[in-house]
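Just one chain is shown here, as C-alpha cells, and it is the form predicted alone.
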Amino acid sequence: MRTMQRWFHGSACALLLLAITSVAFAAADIPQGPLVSTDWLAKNLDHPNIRIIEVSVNPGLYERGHIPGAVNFSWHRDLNDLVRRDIVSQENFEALLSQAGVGPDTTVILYGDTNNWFAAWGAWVFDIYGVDDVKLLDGGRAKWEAENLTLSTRAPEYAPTDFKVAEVNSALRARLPDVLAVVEGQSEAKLIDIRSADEFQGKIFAPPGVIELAVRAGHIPGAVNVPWVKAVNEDGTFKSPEELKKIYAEAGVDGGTPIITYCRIGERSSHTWFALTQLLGYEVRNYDGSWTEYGNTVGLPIENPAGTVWAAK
C-alpha cells in the first residue's frame, strides 16, 4: 500500500511538473504575425528557436551595445553586393545565414537603427530569398533603448548551419522598366513615393544631412506621396492595420491594384513595403533603384513642382 501511495504521489508530482512546464512553454510561444514587441523579446532572449539580427547603418553602433544574443549584419557590407549595384547574391546570403546559425525552423527577428528602415530592407531581402519566418522588432532599436532594456557588447557565437535558398521571389522587386511602364500608361500599378513632402515637391534633393545622389529634384510622374512616417506612432511602432488602410486609402491606394514603393535608395520604401505587404496583405514591389536611379536616368520625364535646379546658384 505504501508503495502504491509513493507511486501515486510521484505520478502526481510528475504531472504537476509537466503542467507547470507546459504553461511556461506556452507563455514563451513565439507570437504570430510579422511583428514582435520589445516586451516579449526582453522576456525571451534565450528562446532556442529565434535568431535576433541587427541591421543598422551607423558604423560602430552594434559594437557599442546591442540586444543580447543579436548577430550583426552590416547593411553596407552584408546585404548589398560590394561590386554590383545590387542586393546580396544568393550564394553570399546563404553563407551569411549559415554563419549566423539560421536553420529551417528558426524564427528570425530583425531590428536596427534609423527607424528600422534598414531592418525592413533586410526583411525584404529575406523575403526575396524565401525565408518564411521573419519578423521585425516593433519600434526597433530606438524603442529598445528608450525603455532602458539590456544591451550587450559581446558578439555571440552559434553553431553554423548549411542554409540553402529554396526559391527566389524576384516578383518582390521592381526594376526601372516596371516603373517606366507605369509612367507611360502601360501598367496599372500604383506608385507610392514615401519620401518627405519637400523631397517629393522638389524643394530638396535629399533629407537634411544626407549626401545628395540625384542631379534632378522632384518625383516620378503619377506617383502619390505618402511619407513613411505616417505609418508609425510616436514611439516608432507601426499603426494598426485599420489606421494604415485609412492612411493609404486617402491617397487612392486600397490594395485593389499592384503597388510599387520607392524613395531615394530603397531603404525607407522597404519600411512602407513591409507595412503594406506584411500588415495589410497588399501586392507590393519595392523599387530599390528609387529616385537615385530614376532621377539620374537620361531621357526620362519627371515632375518637379518646386522647380529646383541642381547646382543652380
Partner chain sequence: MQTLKNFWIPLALILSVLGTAQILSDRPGGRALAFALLAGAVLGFVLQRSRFCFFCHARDFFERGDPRGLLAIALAIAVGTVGYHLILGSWLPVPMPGRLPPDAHIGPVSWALALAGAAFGLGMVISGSCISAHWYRLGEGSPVAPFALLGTMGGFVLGFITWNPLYTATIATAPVWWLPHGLGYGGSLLAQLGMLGLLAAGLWRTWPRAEPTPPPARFSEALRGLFVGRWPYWIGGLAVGLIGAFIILRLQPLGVTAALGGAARALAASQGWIPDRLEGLDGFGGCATAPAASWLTPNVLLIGGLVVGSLSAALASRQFEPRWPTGWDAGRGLLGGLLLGWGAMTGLGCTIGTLLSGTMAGAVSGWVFGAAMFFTLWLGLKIQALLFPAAPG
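Residue numbers count along the first chain shown, from 1. Note that the structure is predicted; figures quoted are calculated from it, not measured.
The same protein also has a form predicted in complex with the partner chain, omitted here; what follows describes it.
- Using a 4.5 angstroms heavy atom cutoff to the partner chain in the predicted complex, all of P59, R77 and E145 count as contacting.
- Shown alone here, A155 lies within 4.5 Å of the partner chain in the predicted complex, counting heavy atoms only.
- Though the partner is left out of this view, E63 does reach within 4.5 Å of the partner chain in the predicted complex, counting heavy atoms only.
- Comparing 33 to 41, 46 to 54, 63 to 71, 244 to 252 against the partner chain in the predicted complex, the single stretch with non-hydrogen atoms within 4.5 angstroms of it is 63 to 71.
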